[in-house]
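To begin, one chain is listed below as structure tokens, in the form predicted alone.
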Amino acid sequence: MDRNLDVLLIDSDENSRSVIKSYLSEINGVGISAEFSNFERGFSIAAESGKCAVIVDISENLERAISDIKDLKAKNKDALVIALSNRASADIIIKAMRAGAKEFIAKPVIKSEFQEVFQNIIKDLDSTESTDSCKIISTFSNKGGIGKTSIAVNLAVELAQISKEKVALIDLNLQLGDVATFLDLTPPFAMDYVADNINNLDQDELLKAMTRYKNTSLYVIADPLSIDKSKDITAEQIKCILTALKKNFSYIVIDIGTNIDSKTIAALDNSDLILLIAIVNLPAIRSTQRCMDLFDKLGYSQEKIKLVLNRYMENEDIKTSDIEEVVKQKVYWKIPNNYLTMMSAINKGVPVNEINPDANVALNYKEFASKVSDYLITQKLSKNYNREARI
């Protein structure tokens, strides 16, 4: 096979470079185009190299290395960064991935792990169907009126801001959706158009069929303009839409309706994370318990489900521990009750951070998005690494 990926190696340790070059020599389709002990020179060349893989040791001067990776990705979006380090704590791994690293490998480098990473990269380059890097997050409750749409919208906005990657927000409340209203959007196309044409839309056409939120990297598929059109959308079309979106987006956030039907199940089945939304009152907790029973019947793992309490106030009559005992699930996150700020955001059709970025609920959403993003990164790493990098 001809070389289809040039590799730039940035590592001050000559022995380490020698080992890595030896491992790479056994992999078809890749080859070292340059190696550097000088980091400034290496990153400078990488920024002008177009499509390439950049292996960089971040063991020393971590903060400088993280800054260099961010700068590289800003100048050369096609650079695939593989970070190496002799420290593999969760904090370091997350910093590297957030900066733009595609993979993280612990030092000393184990041959089998290193070669597997590059073999997967080659497969991704050879295939237009690669979707592993995209994560699907669904907000769900079988009870309306608890703020599920607000959570989906604000989470999607914050994910787009912190990741700088494309984020898709899908309104799957097909008859009474409010996502477009919450963002003051008037979409020229909606879910029914996308569903009817999904098999004929290429990636550019699919992006054009979505509605971009202002000048951000957030794109929306709104609910159908007509309730009648929602009836014809099928579970199979939902699966096809998600498959297509995964080729072009880093995150997909789905606001799922309260109905339990084949379309809902299709979205839940394909989700990497289900945010089960509840508020602290008895009817909502009972509904949440029924949702957990449903998830158990569907065979979902405990790790896939995260319990989120909305409109939370300290000193509630019902304690968090009481909820956890009834639902048999730990509370993952609490979103504070701030009625005035949230209603102002909803009435003006903007995310809460545009009303008051310093409000407790706005800061909470920012932290929430970071926690969700970090969790999905560590889940990926825990599957790929069985050494110090295990989270």
Ligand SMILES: Nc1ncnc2c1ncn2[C@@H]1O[C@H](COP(=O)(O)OP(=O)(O)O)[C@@H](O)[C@H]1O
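Just count from 1 along the sequence shown to find any residue number. What you see is a predicted model, and the numbers here were worked out from it, not measured in a lab.
Only in words, not in the display: the form predicted together with the ligand, which the text now covers.
J.: Please determine whether residue 343 contacts the ligand in the predicted complex, using a 4.5 Å cut-off between heavy atoms.
T.: Looking in the predicted complex, residue contacts with the ligand include residue 343, since a heavy atom lies within 4.5 Å.
J.: With the partner left out here, check for me: in the predicted complex, does some heavy atom of residue 92 sit within 4.5 Å of the ligand?
T.: Residue 92: no contact with the ligand in the predicted complex.
J.: With the cut-off set at 4.5 Å between non-hydrogen atoms, does residue 49 touch the ligand in the predicted complex?
T.: Judged by the heavy-atom cut-off of 4.5 Å, residue 49 is well away from the ligand in the predicted complex.
J.: I'd like to know if residue 138 sits close to the ligand in the predicted complex, meaning any non-hydrogen atom pair within 4.5 angstroms.
T.: It does not: once the ligand is placed as it appears in the predicted complex, residue 138 has no heavy atom within 4.5 Å of it.
J.: Which residue among 250, 310, 287, 85 has a heavy atom within 4.5 angstroms of the ligand in the predicted complex?
T.: Exactly one listed residue reaches within 4.5 Å, namely 310.
J.: Under a 4.5 angstroms heavy atom criterion, identify the one residue in 230, 271, 76, 149 near the ligand in the predicted complex.
T.: Selected residue: 149.
J.: Want to guess which of 51-59, 36-44, 23-31, 330-338 is within 4.5 Å of the ligand in the predicted complex, heavy atoms only?
T.: Residues of 330-338 come within 4.5 Å of the partner.
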